[in-house]
Every structure is written in C-alpha cells, then in structure tokens.
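Only one chain is given next, in structure tokens, and it is the form predicted alone.
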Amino acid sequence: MTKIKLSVSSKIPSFKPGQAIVIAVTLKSKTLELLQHRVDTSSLAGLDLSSLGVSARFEHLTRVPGPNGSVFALIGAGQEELDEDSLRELGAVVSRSLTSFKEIVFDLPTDDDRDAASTLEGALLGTYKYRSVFESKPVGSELASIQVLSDCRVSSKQLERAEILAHSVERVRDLVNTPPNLLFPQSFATIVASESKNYEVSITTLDEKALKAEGFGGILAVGQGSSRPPRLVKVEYSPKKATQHLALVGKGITFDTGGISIKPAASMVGMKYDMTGAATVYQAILAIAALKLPVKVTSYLCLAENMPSGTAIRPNDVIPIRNGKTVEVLNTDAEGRLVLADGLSAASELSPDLIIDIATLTGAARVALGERYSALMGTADAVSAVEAAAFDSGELVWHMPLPAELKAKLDSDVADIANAKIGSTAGGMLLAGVFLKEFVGGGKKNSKPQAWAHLDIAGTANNESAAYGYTPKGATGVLLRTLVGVAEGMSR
C-alpha cells in the first residue's frame, strides 16, 4: 500500500486542483438535498443536480466541477442517517472511484471519533490494487492525502489502526489473488518467514517429514497427491503482559482440484481461493502484533495442494488425525475439514481461551447464506465474541446450529468418523461443522470445555460481481477485521 497521509480536521481547506470534496446527497420530499457539510457550496446553488446525474441512491457517485479546479464528489446517502458502517462503505466507494485525485476531503456528517475513523478506514480499504506478493515495491497511486472534516478528535492510535487493518486486508487479497502456480505450500511458507521478520512473532514450519513425525495425518493425506508437498506453519505472538490466549486455525488449500473425487471443470476455476482461511489467520496475527495488543495469539496455517495422482488419497482410505482419532475418507473433495482437524487438534493441546477456525469450507454455505453473510458456528461464548467483533467491524455473520443428530450421518465401520455423507446434500454446511467439533478440546492444562467458533467463508471470500462498499471484485479479505476485533475484545 502506498503511504497516504490521513487526517481529521475542523479547518476547512482551500479549493485547489487535484482535490475532490465529498458531500452526501439525500432525497427529501422528492427533492435532492446536500447533507450537513462545512465547505462553501454556493457554486452548486443554481444547478439542477438531477439533470447532472446526481442521485440519492446509496453509493451513487457524481462529479461536479468546484471552485479553482477542484471537484465536488456528490455521493448518494440513501434514505437513512449515516452511521459507522455506511460511512466506511462510502469512504471506500469514493477512494476506489477517484483514483486520479491527489487529495480527497470527506465533508460528511460525523457524530463522533468512530465515525471519522471508520470513514478513513473505508477509504483506505477502497484504494486496493492487486500487487504480487513476491514484489516489495508498492503499487503506485496519485492519491496522497485523505482528510475528514470534523470537530471530533481522532487519536494517532486510531489512525494507525486504520492503516494497519487496511494493509492486512490488502495483503490477504494479494495472497488470495496470486496464481496457484506461484503460490503453493512451500512458497506460502517462504513468504510467511520473510514477511514476518518485521513483526514480533516467531515462526515454526513443519515439512512433510516433520508432519509425519508429529502425527499430522490429515494435512499429509490431503497433500500426498501433489508434487508440491504440504506444510504446517505455526505463527506465535506472545506479549509479556498477555492474560488471554487466542488460537486461530486457517484452511490453506493452495489449489483444490477435488483430488480423486475430482471437481467438474467449471467448479475448479477459482479454487486458488481455497487458501483464504490461512491467509486470513496469518495476516490477522501480524495486525494484532503491529497493534501491540496484550493478548497471546497462535495461528496455524494448514497448507496443502489437493491434486489427483497415483499417490493421492482414495475414497475409503483411513487416516489418523493429530488427536488420535481416525477418519474414513469418503469424499476427497471434503479435504478442508481434514487439514482443519489437524490444526484444531494442535490448537486444542494449548488449551487457549478461545479457538477460531476460518475456511472456505462448503459450497452449502454459499447456497444457504449467499455471498455477503459468512456462517458462524460454535460454543455460545465463542459465538457471542465473534458476533460482537463482527458488528463493530461492519462485517456480516450468521449464527448457524450444530445439530447433534447429524453426527450419526458420519458413522464409519472402519474408523472413528467419516469425512462426508455420500449421496446426501442435506445440511452440508452444518455437517462439516459437526465433523470439526470432534477435533476441538482435549487440552491437558484444564478440563473445562473449549470455547470454539467456526467460520465458513466459502460464499464471502471471493466476490465474482462488481465491487461494492469496501468489497472489491475478487478476493475480499473478509473477516480479518473481525478476528482482530476479537483479539481487541480479549485484551480489554
């Protein structure tokens, strides 16, 4: 991300070339009206805004010439009052649309410092442009300054938080957008080792030999069909004053063909996104470290490439998982839950205060909840913590059940559990959650039930449609800000 100067000020700037002044428009009594603002808009007084294409429709942006070579960016606010979420979205729409301007000035109604900070956060999220993860040079941009006009005081920590979160979301998007011939388990692990040197974290990487020695049978089994072997990357952040411990587990299938249970050609396109969970927990821990939050965090990146070959796992194979349970593989395309089983087992051994796993896990999640809501399952306390953080972040999650009766669908005659129910599409998202639950808990430090939340982002990790709000086309970086929000809640 190119360094952009952020500021909040009550001082009205002078009009000048290369400057865009953002003012919100609403509709009252069938008449377009400008929402409360500070700059002089007398030059707009005699104009028929409707005839110029101005609309109150939310996110609709129209440019109108302003004084001294400046431009008024009139953006639709819809029919409701602007809150943190809508200000964040409008901020992103503006910065994404006005890429050629040097300075953007937001003259929008802000009730408090959170409103102002949310506007800046959204504006930074909207500046995203894909950059190869193998390049150190940031993508060039004309935009040098983003300012919010407000009487509210925003601290330097709030500005820094906006920058850190936007940068981490951007890096998730970069990783997920990377072509799968370039991003595979070992190259992913190499990126982590290199980039993490700038943060107060420690890295442990297990190769295929170490995975076998340590009993990570799920990751090994999924990756054994590829010429590019699997990896488990453990990232640890351990500040001295931490009293809480958060464990994050991410599915990192760098490409998913479905294995022997191979996907149809159309379904295989886009499967480079199947490592979004790992990218998210990786960047989340870096953001938490950059924010210096007083909470211990351990992230597990479960990395494998699911390929069909003479060495690939077969339906009816039985594999051992890290916690000692065995799994009969009935569908090699239900591979994400196998690598997560290992990661959840390892995380449970630490007996953290909370475990969260995140994965592009089931197509059923997209069928059930569409492309804007992520599925949330788990224990009551963990679900509440994630819901609260998601609400503050403006990200959408929906609590789904873990029906006990579904466990019987995973019965196996030769193993402790099967990884799928062949021939049944009923409750596929819930069934995956029920499977994962079997690998949570069992830590040695205490006997209390393990707090755990599962996030299925299969429908939300990638946006195939046009950009909206702070969500670009392609990789979205969804729920990274929510995971950081959970850590912030645990550090209070």
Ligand code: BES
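Numbers follow the displayed sequence, beginning with 1. Everything quoted here is computed from the prediction, not taken from an experiment.
FYI, the form predicted together with this ligand isn't displayed, but the following is about it.
Student: This ligand isn't shown here, but in the predicted bound form, which of 101-109, 207-215, 169-177, 332-340 has heavy atoms within 4.5 Å of it?
Tutor: In short, 332-340.
Student: Even though the partner isn't displayed, in the predicted bound form is Gln224 close enough to this ligand, meaning a heavy atom within 4.5 Å?
Tutor: Taking the distances in the predicted bound form, the answer for Gln224 is no, it never comes within 4.5 Å of this ligand.
Student: Determine whether any heavy atom of Gln158 comes within 4.5 Å of a heavy atom of this ligand in the predicted bound form, and answer yes or no.
Tutor: So Gln158 does not count as contacting this ligand.
Student: Using the partner position in the predicted bound form, report whether Pro239 sits within 4.5 Å of this ligand, counting heavy atoms only.
Tutor: Taking the distances in the predicted bound form, the answer for Pro239 is no, it never comes within 4.5 Å of this ligand.
Student: Could you tell me if Thr362 has a non-hydrogen atom within 4.5 Å of this ligand in the predicted bound form?
Tutor: Residue-level check for Thr362: yes, a contact with this ligand.
Student: Let me know the one among Lys263, Arg114, Lys129, Lys409 whose heavy atoms come within 4.5 Å of this ligand in the predicted bound form, would you?
Tutor: By the 4.5 Å criterion, the partner-contacting residue is Lys263.
Student: Would you kindly say which of Val71, Ala415, Ala420, Ala312 lies with a heavy atom within 4.5 Å of this ligand in the predicted bound form?
Tutor: Of Val71, Ala415, Ala420, Ala312, the residue with a heavy atom within 4.5 Å of this ligand in the predicted bound form is Ala420.
Student: Are all three of Lys251, Met271 and Ala458 close to this ligand in the predicted bound form, meaning a heavy atom of each within 4.5 Å?
Tutor: Every listed residue reaches this ligand in the predicted bound form, so yes.
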